[in-house]
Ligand code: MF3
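Below you will find one chain, with nothing else, as structure tokens; this is the form predicted on its own, and questions on how it binds or moves follow later.
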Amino acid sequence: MITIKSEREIELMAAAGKINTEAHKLAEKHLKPGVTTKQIDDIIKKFVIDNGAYPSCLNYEGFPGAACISVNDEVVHGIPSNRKLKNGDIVKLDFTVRKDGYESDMTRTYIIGEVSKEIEDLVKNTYEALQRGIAMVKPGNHIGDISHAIEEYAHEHGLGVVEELVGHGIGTEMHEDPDVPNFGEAGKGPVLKKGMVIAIEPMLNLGTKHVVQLDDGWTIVTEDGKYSAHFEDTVAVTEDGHRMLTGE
């Protein structure tokens, strides 16, 4: 069931989103060769808790980290570990922040050191695909309008669109209705209404769209081993457009 949030609820989600955004900014300052993904996870966890919130990925269905930290061909759900980041990596920080009973969800892909133009373009174009999707958020549009805008931009730039993993509604739960795929037909799917809040999150690959899960039961990687990028923001539908609850 799709829930409609009140102005009060959206303000609570914006407060959670502000902590999420600030945690990303802090983590970014520490992303450099030689730092482990576990060290980054610890920084995120401490910041969120110190600000009166909770990193709700932690222990979610048994996930051991405060953040999903995925490197290179890892698409999503990478487990923080003693793996050291190195020059040429791209790292995706994906985490939810819960405050006063309401969630926010945000992902960014960061470049470590120097990468090829192909990988630089992957990151840039995945971010731009997110912006194309967000631009479709207004009352009367359909979820399919978001999905189509992302898919069209991705395919224009030769990128594989992950189909097994999708965006989602968000509120008192991390994942709510509706699903927000990164592929689809314009004019299809649920109609956007004032008070809906969704997490839009394109996951785009340099190669195939196909992914596989590793034996750890969490980490999803590209089937062909090529790099993947991921961006996500939490967005509320307003009376005449949308409001960003993360990323600003």
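The structure presented is a predicted model; accordingly, all values stated were derived computationally and were not measured. We number the residues from 1 along the sequence you see.
Another form, the form predicted in complex with the ligand, is not on view; read the next lines as being about it.
Participant: Pick the stretch from 134 to 142, 150 to 158, 89 to 97, 114 to 122 whose residues have a heavy atom within 4.5 Å of the ligand in the predicted bound form.
Facilitator: It is the stretch 89 to 97.
Participant: Residue-level contact is defined here as any heavy atom of the residue lying within 4.5 Å of the ligand in the predicted bound form; does residue 54 satisfy this criterion?
Facilitator: No, residue 54 stays farther than 4.5 Å from the ligand in the predicted bound form.
Participant: Taking heavy atoms and a 4.5 Å cut-off, does residue 83 contact the ligand in the predicted bound form?
Facilitator: Heavy-atom contact with the ligand at 4.5 Å: absent for residue 83.
Participant: Just checking whether residue 218 would be counted as a contact of the ligand in the predicted bound form - the rule being heavy atoms within 4.5 angstroms.
Facilitator: Because a heavy atom of residue 218 falls inside 4.5 Å of the ligand in the predicted bound form, the answer is yes.
Participant: Does at least one non-hydrogen atom of residue 105 fall within 4.5 angstroms of the ligand in the predicted bound form?
Facilitator: Yes, residue 105 is a contact residue.
Participant: Mind listing which residues of 154 to 189 have a heavy atom within 4.5 Å of the ligand in the predicted bound form?
Facilitator: 168, 174, 175 sit within 4.5 Å of the partner.
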